[in-house]
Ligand code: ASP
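This document starts with one chain, in the form predicted alone, laid out as structure tokens.
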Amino acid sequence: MNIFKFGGASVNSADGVRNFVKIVQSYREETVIVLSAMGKSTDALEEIVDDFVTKKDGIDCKVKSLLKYHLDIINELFPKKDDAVFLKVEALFKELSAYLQKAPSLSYEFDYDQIVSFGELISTTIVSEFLRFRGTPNKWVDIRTCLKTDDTYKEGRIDWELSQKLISQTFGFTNTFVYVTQGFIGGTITNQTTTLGREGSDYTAAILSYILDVDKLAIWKDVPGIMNADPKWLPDAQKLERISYQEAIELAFYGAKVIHPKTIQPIKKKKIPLQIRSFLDLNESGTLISTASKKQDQLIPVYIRKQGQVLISIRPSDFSFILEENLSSLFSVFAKHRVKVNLIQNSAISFSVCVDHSERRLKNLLEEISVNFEVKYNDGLELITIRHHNAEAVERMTKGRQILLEQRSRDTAQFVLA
């Protein structure tokens, strides 16, 4: 059995969808396809969410633009007389428009999940229909009916026991050998839509791999494999041929965009190999993530850049020491507002953290912390992480830059740069 996960870049155009079908049809095994939203649809839907919550004008135009993008792809893929796919996609857009006619709820995260999830529902509908049109029968599955989470919107936590039961029943490979389903989204036991976190489609594929006991998971990307840097940032980036689960977890934790942070844990438990493949070059072997020991990891420097960072400096108003009780209360506030901490450093009377910029969450966080602490912050920063660092790698990343904060361990060096 194969589980293939394809990102939005793989199906961002009619040509992309045709190439996707070519890849799928080159395999004859039982296959589950996990698909993201097409192209930049998630970005477009996030703008719609923001406009909906803030009650801005112009939402209809943005919805129509998104509909046109998908209809243009459909028109290029299907003959004019094939009405089924048009009707299904238009029905999804009518459902989206109906939701947008309501008043916003009191939860931004709830509205986000209900709206943004349409990207995956639409993309999988189009792809499933085109596979069928090209001679590959398949079954479209609404993953929300079997991948169950709690009601932590935008970061749904998996109900493993219930999901295992429902997924095993759903993907039984009776009367079909190809399933098409959505990444990124799930559902509560009361059938409310949730999402698993940005770029969560990889995680969906890993969950299905774990539950269905597959031999290998393949994630198809627009890069040759896992690189030691984003090639759009560092053109001389090199491919890592093979890395261990441990190294992959480290890279994901520090922000390597090619892997979702939660992806590795499920497949590691059952020692399921993960192949990162290029959908642009089928002759490229990609990167294998497996049980390779750490000694087998390629120890060349790996560079990870996170932009849009905020460095927050916190200290007690009375200049008292930062003690365990202070740290406990501070971390509870970060957890409450779901602000991810990327770097921590403390001294006797101050505590500094580097976090992703999230305007809504950050505003609420700073307001609450400021009640009991003095708070200063710098935004618009970069966090550079170097795995397997050496002097040359550090010099390359920091030369001519203002270093606001740095940390080094045996394997990893991190720098907050202005």
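Start at 1 and count along the sequence shown; that's the residue number. None of these values were measured; they are calculated from a predicted model.
We do not show the form predicted in complex with the named molecule, though everything after this point is about it.
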(message) If we define contact as a non-hydrogen atom of the residue within 4.5 angstroms of the partner, is residue 199 a contact of the named molecule in the predicted complex?
(response) yes
(request) Using the partner position in the predicted complex, report whether residue 120 sits within 4.5 Å of the named molecule, counting heavy atoms only. (result) yes
(message) My question is simply whether residue 42 lines the interface with the named molecule in the predicted complex - judged by any non-hydrogen atom within 4.5 Å.
(response) yes
(message) If we define contact as a non-hydrogen atom of the residue within 4.5 angstroms of the partner, is residue 36 a contact of the named molecule in the predicted complex?
(response) yes
(request) Please name which of the stretches 200-208, 309-317, 150-158, 126-134 has residues with heavy atoms lying within 4.5 Å of the named molecule in the predicted complex. (result) 200-208
(request) Output the sequence-ordered list of residues from 247-273 with at least one heavy atom within 4.5 Å of the named molecule in the predicted complex. (result) none
